[in-house]
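First comes one chain, alone, set out as structure tokens in the form predicted on its own.
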């Protein structure tokens, strides 16, 4: 079995951003030489997430509005008693989740026709990272 790992760093301009990272994942899969297997894509921060969906600006805006409606910024979160002010980002992470696993078939990501992989940042404007790990034959 082979494996390959890469780390991608982000420093977003905004507090919340949604970044299409499909190309970065494809590069690691190609470099790995893995023909059949899986690739794990995981945010390494509890205020970010990774998801698979369509890369359509209206949908991304809808996702952002939906997350803000369910887990809005609120200065009264219990978490803020620790001195932090990002309680909503932790909740948004729970909704999106922090990782995805995508199959590798015939040396390529085996995504559906509109599927793309996104890094979702909920507490940005500082340095964050993501791990991409491919395993297989």
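Numbering follows the first chain given and starts at 1. In this text, all values refer to a predicted model and were calculated from it rather than measured experimentally.
Missing here is the form predicted together with a further copy of the same chain; even so, the following discussion is about that form.
Q: Look up in the model of the complex whether residue 27 has a non-hydrogen atom within 4.5 angstroms of a further copy of the same chain, and give yes or no.
A: Contact check for residue 27: no, nothing within 4.5 Å of a further copy of the same chain in the model of the complex.
Q: Does the 4.5 Å heavy atom contact test between residue 93 and a further copy of the same chain in the model of the complex come out positive?
A: Yes.
Q: Examine residue 115 and determine whether its closest non-hydrogen atom to a further copy of the same chain in the model of the complex is within 4.5 angstroms.
A: Because a heavy atom of residue 115 falls inside 4.5 Å of a further copy of the same chain in the model of the complex, the answer is yes.
Q: May I ask you to check whether residue 53 falls inside a 4.5 Å heavy atom distance of a further copy of the same chain in the model of the complex?
A: Contact with a further copy of the same chain, yes.
Q: Within 4.5 Å of a further copy of the same chain in the model of the complex, which residues of 26 to 58 have a heavy atom? Give them in sequence order, or say none.
A: 36, 37, 38, 39, 40, 43, 44, 45, 46, 51, 52, 53, 54, 56, 58, in sequence order.
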